[in-house]
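Below sits a lone chain in structure tokens, taken as the form predicted alone.
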């Protein structure tokens, strides 16, 4: 096995040979990037389009160019580094995002970007040029609008007001800050003709790998995200003077919905998850029978059929709950993001490479959204997970050990090498 820390071989290497990335540099750069937007307890706040985001993008751009890539920013603000290939073929792409939630760790998204740069460094150091070009993409605003991935997939909402920030800033101004251009954003759209496949390395953001003592997750696909807003309307009344059998208690009905959602999700199909995450109770007073409750429902699964089966069963039960409690219950869709399945070829390559590197892997779905979910709508997609200690993510306590970051990057490197042969 050759390492980026050793001298390149005197003879040409077979692209089938196993390579390693420079693990110390990868983890050093993870820590260096985390200094931009660093919080007091060691976490990161790097909101997309902020000054911190712009500084981080510039640093990553410099690292891309040092690694031997040419760089550009497309009209969606995606920063793209490109390492040339031997032939005029569609690119093998990787990458992720470097923007964060308000109080984040240093691995979510960032690992996938910096590992991609180390992949190119290892290829260049070992004097290997693949048949395909290799692209490393920093996607724009993954943690909020996913506008970078949606632009590449051609799934953007055409109304710019849809992407206006909570602080009132327009998407036109936001994109201008990072070199994008809303008026020409359609030109960022990609296809199989220029992107042969996309493989994203990411921390798991869950505890499955750790619980199963696996080093690598071979992602089966990214689940659908189906959200509904429910409103239960009863009748507010005096809590002391209204007999129990004369109440139209909206909160009692809402509570029955919560329990029903949990029961159905537990028994319908393995893997499906359903969550009532927010409730607003009105008038929310100690001595008043609740007259109105608004609640949210989030359902996720790789199978659209399973999701629809749960929704239909829930609607039927809601009618019974409404009748029992003399309430009106309305259920309106709020989001319907279709699932994206991983390419079987890419899954197989990740598994084979993991075996060759003596890394234990398991197959699992991604229950969080990723840039790969959008890119996978226009080309073959795969994802590699590495463990998140304690299953913690979107938190300052997020942690993946350095050796596991390195292992994930090694799997990414050798997977792309294998795919170079398969897609030629």
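Just so you know, these numbers come straight off a predicted model, no measurement behind them. Numbering follows the first chain given and starts at 1.
Just so it is clear, the following notes concern the form predicted together with another copy of the chain, a form of the same protein that is not shown.
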item: Within 4.5 Å of another copy of the chain in the model of the complex, all of 145, 155 and 171 (non-hydrogen atom); value: no
item: Contacting member of 272, 80, 337, 318, with respect to another copy of the chain in the model of the complex [4.5 Å, heavy atom]; value: 272
item: Proximity to another copy of the chain in the model of the complex, single hit among 103, 262, 304, 212 (heavy atom within 4.5 Å); value: 262
item: Another copy of the chain contact in the model of the complex: residue 287, any heavy atom under 4.5 Å; value: yes
item: Exercise: residue 248 in contact with another copy of the chain in the model of the complex, heavy atom 4.5 Å; value: no
item: 4.5 Å heavy atom contact, residue 241 and another copy of the chain in the model of the complex; value: yes
item: is_contact(residue 61, another copy of the chain) in the model of the complex, heavy atom dist at most 4.5 Å; value: no
item: Proximity to another copy of the chain in the model of the complex (heavy atom, within 4.5 Å), stretch among 124-132, 179-187, 292-300, 345-353; value: 292-300
item: Within 205-222, the residues that have a heavy atom no more than 4.5 Å from another copy of the chain in the model of the complex; value: 205, 206
